[in-house]
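Only one chain is given next, in structure tokens, and it is the form predicted on its own.
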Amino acid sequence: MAATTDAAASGSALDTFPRWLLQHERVRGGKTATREKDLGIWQSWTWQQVAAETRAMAAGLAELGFQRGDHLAIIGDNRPRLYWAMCAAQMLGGIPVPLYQDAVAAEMVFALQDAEIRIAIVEDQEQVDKLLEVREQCPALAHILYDDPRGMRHYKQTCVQSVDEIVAMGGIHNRNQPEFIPGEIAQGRGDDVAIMLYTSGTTGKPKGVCQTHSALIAAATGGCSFDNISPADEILSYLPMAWVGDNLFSYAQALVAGFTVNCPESGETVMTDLREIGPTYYFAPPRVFENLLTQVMIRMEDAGAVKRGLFHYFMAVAKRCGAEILDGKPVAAADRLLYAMGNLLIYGPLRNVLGMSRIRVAYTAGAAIGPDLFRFYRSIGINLKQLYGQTETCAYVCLQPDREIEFDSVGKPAPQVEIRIAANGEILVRGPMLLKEYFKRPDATAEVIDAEGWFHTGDAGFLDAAGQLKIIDRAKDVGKLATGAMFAPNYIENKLKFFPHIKEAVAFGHDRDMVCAFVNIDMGAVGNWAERRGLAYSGYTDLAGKAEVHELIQECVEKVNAELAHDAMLAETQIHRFLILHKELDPDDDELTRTRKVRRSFIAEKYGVLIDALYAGKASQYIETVVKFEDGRSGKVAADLGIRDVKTFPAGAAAKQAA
């Protein structure tokens, strides 16, 4: 890896991110470090410009009283200055604390209070307004610095300032005291906390995960060497900065490898910007890949008969041999020829539409991905792989080596990582990437890291004969049916979510005699399906209640049951009954985390009347639910939900029975 070689030649100890930034300034100062699309035009900054701006920002923060050990809140979409603010805080020995930009003001209060935030750097007026709304609850918050000046002209609060002012102030400081920032950087150590990321809090309050420079650099270095990531690579940074995945790929690996980070104009323009940039390195959680596939299938349903026929014919070819061709495995000459034709007519244009024409390595993580979804992307020539990790492990535990891809595994232990399976099936990991501690929570730290240094992941799984790790579910979620059969709800839910018509699912069955499920339909996919059939509807609740939609979802559920019948361990956990929820599960209603993980126990309590109806054999159940609107108001959604029985299959039954 070029950056590592440069570092070795210089003899410097690159054990903190500010030192990595200065290293790139020295060896590739004129190369592009960052791009951002603004008002339809891509703006670029070189490594020299980034380093200069970051030093000025650090000096400006110091002028505001920011000191070693202080926490700096960072809130907003992926913006160059917000990434630079992270490094600026680290230059001073401080700790950046990125928060989810789509969180409502009340959700930010806990982290602002817990981290004792005195200074926050935010993207725009929306985030400023949130912090002003809760400022009385966060008395330590003295400075709110904004990057985007639009809409900020008439704000008179003295605590609100532009980042431009701080950078200008820092530039003067650096000219007067040029030795100050280098001196602060020199005090930094690898075991200093580099960032604090709050866990999503599926149960209870979030915890601040303290990760050191050394831990993140070890994870970044291991990942870059594993996939030969170099300064020539490019990435599109569009996932929440508060998520560990973005911190690893868009910050830690970018500073270790020296590749270019591209920030989209907005969340709405990500697909357009992805096509324009054509990244070589890509990362997305399964839900993004699911949404992309859903959009593709919707477009194909609207296409003409000839185009639709060609698509399905060549996708069958790709399913048969595409993944094998990508892995360099033997494939019959006739299939190779058909695949080459498909690449010309279908796969190549499809990769281009998805913005993935130049991708050399793509990763997914954050939740299990359905094998069929995984195979789809690999079959059209996208080198999609899985990784496994958590916030507490810098998102770095397992990686999938090229040509050793198994659709139902998350790969082999990453470089420098050890894995052990406990007697109860829990996955334990050990290595240099582990968290230093949970902030102000020594009790919680002691619970997850044992005396031998093993981190208890809370996931259940096993290592197969080839040394690949297979995840079953969260250990706390794995249960048993009343019959004694193993029940892994997340596994079942992911199978349901592969279908483009199903956006979310929640399975129930622990200590019960059968499995039942809630389903959220995908409004875009099902809405398109309904419109093409002349099925009128007035909104989500109305569409979800249609008998035709229930029949559509029932077909999907029965196909999942046919697949489960093949699995000896899970054949008894086929779904017997389901209902379609009258509203979408939403983080604003506390039903999902900000990373869209199901808050299972909360949902079970909130919708207990529906669960009771499923298991009582009822044909329908009336429910009223309080929902929160974006403007802070509350309202009610009510519906009489239909409940359906579905076909199940004997163990080992052929999947074609569900067709």
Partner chain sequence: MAETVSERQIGDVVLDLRNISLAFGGVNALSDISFDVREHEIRAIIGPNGAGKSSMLNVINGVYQPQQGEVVLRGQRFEKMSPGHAARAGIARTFQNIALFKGMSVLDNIMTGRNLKMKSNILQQAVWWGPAQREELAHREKVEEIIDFLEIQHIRKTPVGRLPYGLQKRVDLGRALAMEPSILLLDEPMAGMNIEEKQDMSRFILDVNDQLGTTIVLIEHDMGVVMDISDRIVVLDYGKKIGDDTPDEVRANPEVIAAYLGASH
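Model, not experiment: these values are computed from the prediction. Positions refer to the first chain, counted from 1.
The same protein has a further form, the form predicted in complex with the partner chain, not shown here; the description that follows concerns it.
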Stretch from 321-329, 351-359, 477-485, 259-267 whose residues place a heavy atom within 4.5 Å of the partner chain in the model of the complex:
259-267
Although the partner isn't part of this model, could you tell me whether residue 278 comes within 4.5 Å of the partner chain in the model of the complex, counting any heavy atom of the residue?
no
Would you classify residue 532 as touching the partner chain in the model of the complex, given a 4.5 Å non-hydrogen atom cut-off?
no
Considering non-hydrogen atoms and a 4.5 Å limit, does the partner chain approach residue 618 in the model of the complex?
no
With heavy atoms only and a cut-off of 4.5 Å, decide whether residue 182 touches the partner chain in the model of the complex.
no
Just to confirm, with a 4.5 Å cut-off on non-hydrogen atoms, which of 606, 26, 596, 37 contacts the partner chain in the model of the complex?
37
Name the single residue among 150, 175, 312, 205 that comes within 4.5 Å of the partner chain in the model of the complex, judging by heavy atoms.
150
